[in-house]
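Below, in structure tokens: the form predicted alone, a single chain.
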Amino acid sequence: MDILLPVVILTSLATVFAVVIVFVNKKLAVQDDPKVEEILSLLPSANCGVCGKAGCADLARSLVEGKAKIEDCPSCSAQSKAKIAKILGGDIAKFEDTLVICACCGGNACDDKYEYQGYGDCASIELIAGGRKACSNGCIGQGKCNRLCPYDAIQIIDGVAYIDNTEDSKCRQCGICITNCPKKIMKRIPAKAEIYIACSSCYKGKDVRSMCKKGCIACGLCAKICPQSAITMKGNLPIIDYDKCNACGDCLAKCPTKVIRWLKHD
């Protein structure tokens, strides 16, 4: 009896406390808006953090609360974004799927300003005289994007980053490489695109020739011969209007440095 009484008392107290905790938990629980779960089901569940939130669930709550924009999630498809916009009562027709490309093809074909020796990635090398490449807009090729990519979708080939955009591509368009590239040469283009400009150089032709064997020499030939007038020159680089481009391939055939490339069968 001396042992049984304390056991009964403790069991009774534990039961009372459990009931109180359950009651208080139900009373004080924050009820999520039903829209949160609906939106969460449309998000990619990547939890990559590119949107600036703790994860997809946090982003879904922030969207409902008006503290985030649908555009904050680069991994979300245009179709899903339109559905989310409809749930939130916004414009459902303004979203377009994109692809990420590395706007550089220099790599080993671009001269080095110095030989880097030591530990570090692209960001570390960028701190020393703007990177080791002679072209200030050239891919450093040290593979920071490759290491950070959660989908193993980026390879370093001949000293330059390459994203495989074929049908079985691993890339989810999360944008982590865009955010972390010190040269800012990871760029988005419309998913409907079939060609792209694999260069980000802002130099004149003669300067490009002196530092890179593959860079755009700003000759403007592509803009002159495009039958759709889909290419214009800006800052010594061709800019493609993808709403006009029909991927005829004339610009690729005439480009002297082959800096204009097929996207999905390069």
Partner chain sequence: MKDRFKGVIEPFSNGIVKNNPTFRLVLGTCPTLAITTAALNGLTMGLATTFVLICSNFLISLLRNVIPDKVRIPAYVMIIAAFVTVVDMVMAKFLPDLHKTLGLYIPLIVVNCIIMARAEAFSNQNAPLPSVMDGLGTGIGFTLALTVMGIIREFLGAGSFFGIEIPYLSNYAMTIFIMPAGAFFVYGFLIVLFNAAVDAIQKKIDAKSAGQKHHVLHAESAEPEAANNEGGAE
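Numbering follows the first chain given and starts at 1. Since this is a predicted model, take the numbers as computed values, not measurements. Rigid core: the largest C-alpha set superposing within 1.5 Å between the two forms.
This next part talks about the form predicted in complex with its partner chain, which is not shown.
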Wondering, does Ile157 line up within 4.5 Å of its partner chain in the predicted bound form on heavy atoms?
-> yes
Does Tyr162 reach its partner chain in the predicted bound form if we count a contact as any heavy atom within 4.5 Å?
-> yes
Report yes if any heavy atom of Asn25 sits within 4.5 Å of a heavy atom of its partner chain in the predicted bound form; otherwise report no.
-> yes
Any non-hydrogen atom of Asp168 within 4.5 angstroms of its partner chain in the predicted bound form | yes
185-193, 80-88, 129-137, 148-156: which one contacts its partner chain in the predicted bound form at 4.5 Å, heavy atom to heavy atom?
-> 148-156
After the core is matched up, is the C-alpha of Val16 off by 2 Å or more between the shown form and the other one?
-> yes
